[in-house]
Every structure is written in structure tokens, then in C-alpha cells.
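There is one chain below, alone, in C-alpha cells, taken in the form predicted on its own.
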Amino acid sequence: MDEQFSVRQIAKSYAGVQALQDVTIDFASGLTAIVGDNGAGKSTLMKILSGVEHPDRGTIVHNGQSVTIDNPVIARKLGIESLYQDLALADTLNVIENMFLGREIVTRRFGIPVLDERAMAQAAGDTLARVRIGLPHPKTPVRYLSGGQRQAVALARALYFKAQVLLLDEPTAALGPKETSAFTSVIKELVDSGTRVVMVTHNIPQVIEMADSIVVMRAGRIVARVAPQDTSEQQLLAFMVGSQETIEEASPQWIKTHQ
């Protein structure tokens, strides 16, 4: 059992509607993809992992220890970075300020701490170049950026701060083919360097191509876990919608629960 990053019996409800029901997942090294239809609970789980939402009950384990993630700032201090569809960037701040928000590089002049704007600009430029998604000047306010460019800023932040865990919620939804290819290359680089990546997406071909393991959710529960080489798009879709006939034909490597 890999307890470096996991959730145990996580539950969450909204106004009496059960969004998550006793969700337990061990996020092993590499990229874990979470798939499911709308309302399956995927985004709720990601928000809990990133500190945006709090579970009603259950435990998050990080580096072998039970942790409480009350907000995204605590998540980032734990080495957990997030990329969302509606990216949590400050629109009035520029690219550099967003990359280093709350973690600015500081130097001392005559014993007084001051922001090292030159160092931050250099670091931002170097890291954004690795992302390979075109951006205007790094001092451009984020509100003027496209969805793909905002994605690049958030990904560069994760790269620079060497995220232990990277949470991706529909990461390529706002990207074109060229940007998607660049994004995929960077994610593979992060995985190769030891970052654990958790990705929520509706892009099933992308899941099968990129993931090391796949978790299928339906109605707030885990219904299957599988390695991509042991499945097909048809089988994944069957588990997502609950097609019993196709489920019964699935390979024996599937682990099925809560059916």
C-alpha cells in the first residue's frame, strides 16, 4: 500500500445531496487519472485535495502523515499545486506576481528585506519557456490572457516550486492541439522527475495514453480501478454510465466496488 498521498473514507454532501461517499484512493507514483460522468464527484474530490472544500469526514494522508488542508495556501506549503478549469489566478496581478504570489523571492538591502523583482522575472521567464505555451510579456495582467495562457502560468508555478503533487482538473479543455502537445510533454517531464499527478478529465483517449492508473467514479463512489493497458475506451465508458452488460465482459484485472 502506497500511503505517500492518499484519501481514506472521504465523504462530502451539499444540502443533503451526497457528492462523495466513502472514497478511498492510494495515489501511486506517476499519473492517476480520475474519470466519470458529470456529477460523479471528481471535481469535489479535487477541491478537497486542494483545500478549496472541506470533507464532512475522512482523512487525507500526505508523506505518510494525516493532514488537514484548510485552504489552498496550506496545500501549496505541503507541495500540492492545482490547475483548474477556472484557474485560481489573481486577474489584477501580472504573470510574475501570480507565479510568486505568497512565495515571493526576497533579498536584503542594508538589512531590510525587499522583493527581488529581477530574480523573479528571470525565474518566471526561464520556467515559462519550459512550458512552451506562448505568452505576452510576463508583466501582462493575467486578465488579458487566454485560457491556455492562464494554464501555462499555473503550470509554470508548479514547475518552479517543484510540486510533490499536481492536481489537474480538465487541464487541456482550453488548449489547442499544439498547446496540448506541449502541455503533455511538460506533464510527462514532471512525472519522470517524481511528481505525483492526479488528473480529472473527460478526454478518455488522453487518459489511456497518459495515465499509469485509472480510477472510475460514479455517483460519488469509486466503481473501478484499472491500468490503462488492461482496458479500452468502451469499458471505461461502460463503468462511467453503469452499463452492466459491458461491465461483465470487462477483463478480470478490473477491481469493481460499490456496484
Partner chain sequence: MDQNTSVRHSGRKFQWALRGRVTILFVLVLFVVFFGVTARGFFTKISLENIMVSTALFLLLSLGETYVMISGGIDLSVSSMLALSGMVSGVYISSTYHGTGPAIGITLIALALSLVLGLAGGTFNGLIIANLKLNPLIVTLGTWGVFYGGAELIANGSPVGNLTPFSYVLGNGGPLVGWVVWITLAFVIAYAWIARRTRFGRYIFAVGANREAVRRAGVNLKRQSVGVYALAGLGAGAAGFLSMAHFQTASPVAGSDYLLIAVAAVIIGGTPLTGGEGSIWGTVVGALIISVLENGFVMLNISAFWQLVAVGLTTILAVYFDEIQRHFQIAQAARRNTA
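These numbers come from a predicted model, not from an experiment. Residue numbers count along the first chain shown, from 1. Rigid core (definition): largest C-alpha set, two forms, superposition within 1.5 Å.
What comes next is about the form predicted together with the partner chain, which does not appear here.
In the predicted complex, the partner chain stays beyond 4.5 Å of every heavy atom belonging to Gly176.
Val191 falls outside the set of residues with a heavy atom inside 4.5 Å of the partner chain in the predicted complex. In the predicted complex, Leu128 approaches the partner chain with a heavy atom inside 4.5 Å. Tyr84 belongs to the set of residues with a heavy atom inside 4.5 Å of the partner chain in the predicted complex. Val52 is the sole member of Ala227, Val52, Val67, Ala28 with a non-hydrogen atom within 4.5 Å of the partner chain in the predicted complex.
Taking a 4.5 Å heavy atom cutoff to the partner chain in the predicted complex, the contact residue among Leu145, Ile187, Val165, Leu159 is Leu145. Although the partner is absent from the chain shown here, none of Gly16, Gly41 and Val61 has a heavy atom within 4.5 Å of the partner chain in the predicted complex. For the stretch 123 to 152, the set of residues having any non-hydrogen atom within 4.5 angstroms of the partner chain in the predicted complex comprises Leu128, Ala129, Arg132, Gly134, Leu135, Pro136, His137, Lys139, Thr140, Pro141, Arg143, Tyr144, Leu145, Ser146, Gln149, in sequence order. When the rigid core is held fixed, the Cα atom of Asn94 travels 2 angstroms or more between this form and the one not shown.
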